[in-house]
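Only one chain is shown below, in structure tokens, and it's the form predicted alone.
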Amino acid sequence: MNRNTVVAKFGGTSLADASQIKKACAIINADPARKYVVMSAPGKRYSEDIKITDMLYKAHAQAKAGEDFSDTLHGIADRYAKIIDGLGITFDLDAEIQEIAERLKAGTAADYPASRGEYINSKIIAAYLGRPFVDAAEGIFFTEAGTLDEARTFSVLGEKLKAYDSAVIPGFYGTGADGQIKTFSRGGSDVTGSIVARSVNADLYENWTDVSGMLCADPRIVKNPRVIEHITYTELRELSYMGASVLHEDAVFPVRQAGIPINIRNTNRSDDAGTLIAASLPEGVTRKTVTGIAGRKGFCSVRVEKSMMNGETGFGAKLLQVFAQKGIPFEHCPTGIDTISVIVNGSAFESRREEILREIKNVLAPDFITIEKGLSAIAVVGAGMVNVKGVAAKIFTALAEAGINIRMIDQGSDELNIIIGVDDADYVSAVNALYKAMMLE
């Protein structure tokens, strides 16, 4: 792979203290292609620790409530002071903390203080590396609707970074349509890294975190699942949708559009290859039929039955429109000749249950409506499944041998995934059974 320009983003755990920052900087300096680096705010140093961003949100909440936030700011300043001392650099921290205090007193929105974790950390790391600091607020822009202004961002940020052979850019925020600081959702530094990679037309986007790549199953459920060495963007999207990801889901789109691969790496095990995410597998790479298994609990099935339903034009569209009007997105929609089921988030459905059922009866006049709660959806994902016979049979056999009843089956038209519905009580057993059958083949 050509590596003339690499964008490297480091997560909060990789930058939690001075020793971790030194590891990250050693990684940066080890490869001259790592020209542009994106930094998160310091994360937790140990399990009971508090993230800097959470402390900043707390200070804002205290200020908004008219409470004294000085102790919280002191804690933030102390944390950064230890980092500065550990790195052995000179940095005017007092001015940065004073600016935050004045903004909080003036009633600033939460986005401003929340963004200062990345802002200050990036300025400190830039000083340690001896690289220019480029403020994300000067190159990343949001529309009035709150979405990324892609055209303006890629153009302005790309031109700005052309002026630097290397730079440190803070993650997580940009400038809103009103000219004020606006943040992405939590974990948004991943998105910043992707935006920077797209803006400079990088050859690779490295996302450095605390795991050696993406795992093919949840390690809280499956003991020691293997690392996925290569995965396509489409496979990642399917698995991420079901909650299996170490990457913010919005981080994929900017680089995917430009064909820039992503490499998820471990700051504490920098020799590990990690997971490479690309549009297609590298030439000569072979792997298992199934790439990964992921799932979520807490779904609900709304099963609507009506004789001769298949002859009633627009029946399915009208049913889904009922859910849409109530603000409930559907997850899956298995159908039969006279039945159609809508799989939705259980808690969301319960919040508007009576309204939805009443509207279904009024609009569609069904024979029966059956509600099934406590369902889990498990996705078995793999681009290679389309070319292999017997995958579904193997899945069903594995679950049958484990004594698990299948409540739903759904497969995408591209045959990239098979979705299995089981009772919440069977979720853990089902994931383990599928991992044993499909990933240890």
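As the structure is a computational prediction, the values presented were derived from the model and not from experiment. Residue numbers run from 1 along the displayed sequence.
One more form of this protein, predicted in complex with ligand ASP, exists but is not displayed; see below.
Participant: Which one, 371 to 379, 391 to 399, 45 to 53, 25 to 33, holds residues whose non-hydrogen atoms are within 4.5 Å of ligand ASP in the predicted bound form?
Facilitator: Heavy-atom contact with the partner occurs in 45 to 53.
Participant: Look up in the predicted bound form whether E118 has a non-hydrogen atom within 4.5 angstroms of ligand ASP, and give yes or no.
Facilitator: Result yes; E118 sits at the interface with ligand ASP in the predicted bound form.
Participant: Considering non-hydrogen atoms and a 4.5 Å limit, does ligand ASP approach R186 in the predicted bound form?
Facilitator: Taking the distances in the predicted bound form, the answer for R186 is yes, it comes within 4.5 Å of ligand ASP.
Participant: Using a 4.5 Å cut-off on heavy atoms, which residues of 30 to 50 contact ligand ASP in the predicted bound form?
Facilitator: Heavy-atom contacts within 4.5 Å come from S40, A41.
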